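Just the one chain here, the form predicted on its own, laid out as structure tokens.
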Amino acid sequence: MTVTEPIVVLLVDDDHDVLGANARYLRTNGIEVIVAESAQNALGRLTEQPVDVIVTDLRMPNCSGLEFAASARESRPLIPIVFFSGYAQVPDVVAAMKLGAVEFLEKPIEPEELLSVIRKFRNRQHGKTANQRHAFDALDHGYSLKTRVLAYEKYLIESCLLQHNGDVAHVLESLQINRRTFNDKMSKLGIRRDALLAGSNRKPID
């Protein structure tokens, strides 16, 4: 039986009590949770740590969930984003969908419903390479060229890592890039070598 690496969720909410309660519930159900109490804090977390799914409140002081999502899309163009709100209007929902929201939940969130939504993405981790290639080929409506190029770049790096069993030296040679550029791209595109290889039942070569 293959052990699946826990999915990593960035949970963003300015309500400390709700944030803590939801984080604890998800963690007790095998989800790795990174918490952020503001959009600014969340953007910092997103650049510092690998994240598979973003779950964010729509209405927050200083920077709304929509503004945060737009900024997050600059560095992580294809990351799934789940919005929640207790005061959403139709224009808010439309704007969220335009930013690629995969779910829109009503606040207060039922923890079981949130867990169910997040678990949808667990099974997708094993097919990420194919999905990224499909994103470049098919997402020509509503996605910018930059987004599609980043998706294809991620596909190339992940494919190369799999082809060389995670041997970074061979990947650098194959892609004709230096290690610093490679590391920057890995961070920017949210690629985790160990998770990628684990999903394909391969062991990294150090």
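Quick note: we count residues from 1 along the sequence shown, nothing fancier. Take the two forms, superpose them, and find the largest set of C-alpha atoms that agree within 1.5 Å; that set is the rigid core. Please read these numbers as outputs of a predicted model, since none were measured by experiment.
Keep in mind that the form predicted together with the DNA is not shown, yet the notes after this line are about it.
Novice: E32, G44 and T47 - do all three of these have some heavy atom no more than 4.5 Å from the DNA in the predicted bound form?
Specialist: Heavy-atom distance to the DNA in the predicted bound form: none of the three under 4.5 Å.
Novice: For Y25, is any heavy atom within 4.5 Å of the DNA in the predicted bound form, or not?
Specialist: Taking the distances in the predicted bound form, the answer for Y25 is no, it never comes within 4.5 Å of the DNA.
Novice: Give a yes or no for L162: in the predicted bound form, does one of its heavy atoms lie within 4.5 Å of a heavy atom belonging to the DNA?
Specialist: L162: no, not in contact with the DNA in the predicted bound form.
Novice: Heavy atoms within 4.5 Å of the DNA in the predicted bound form: does N178 have any?
Specialist: Yes - in the predicted bound form, heavy atoms of N178 and the DNA come within 4.5 Å of each other.
Novice: Please run the contact check for V168 against the DNA in the predicted bound form: heavy atoms, 4.5 angstroms, yes or no?
Specialist: Flag for V168 set to yes.
Novice: Which residues, if any, of 175-193 lie within 4.5 Å of the DNA in the predicted bound form when only heavy atoms count?
Specialist: If the 4.5 Å heavy-atom criterion is applied to the DNA in the predicted bound form, 175-193 yields N178, R179, R180, T181, F182, N183, D184, K185, K188, R193.
Novice: Given a superposition on the rigid core, I'd like a yes or no on whether L66 shifts its C-alpha by 2 Å or more between the shown form and the other one.
Specialist: No, L66 moves less than 2 Å.
Novice: I191: CA shift of at least 2 Å between the shown form and the other one after core fit?
Specialist: The answer is yes, as the C-alpha of I191 shifts between the shown form and the other one by 2 Å or more after core alignment.
Novice: With a C-alpha distance change of 3 Å or more, do G166 and G30 lie closer or farther in the predicted bound form?
Specialist: Compared with this form, G166 and G30 lie closer in the predicted bound form.
Novice: Closer or farther: how do the Cα atoms of V12 and S187 compare in the predicted bound form versus the shown form, where the change is at least 3 Å?
Specialist: The answer is farther, because the C-alphas of V12 and S187 separate from each other in the predicted bound form by 3 Å or more.
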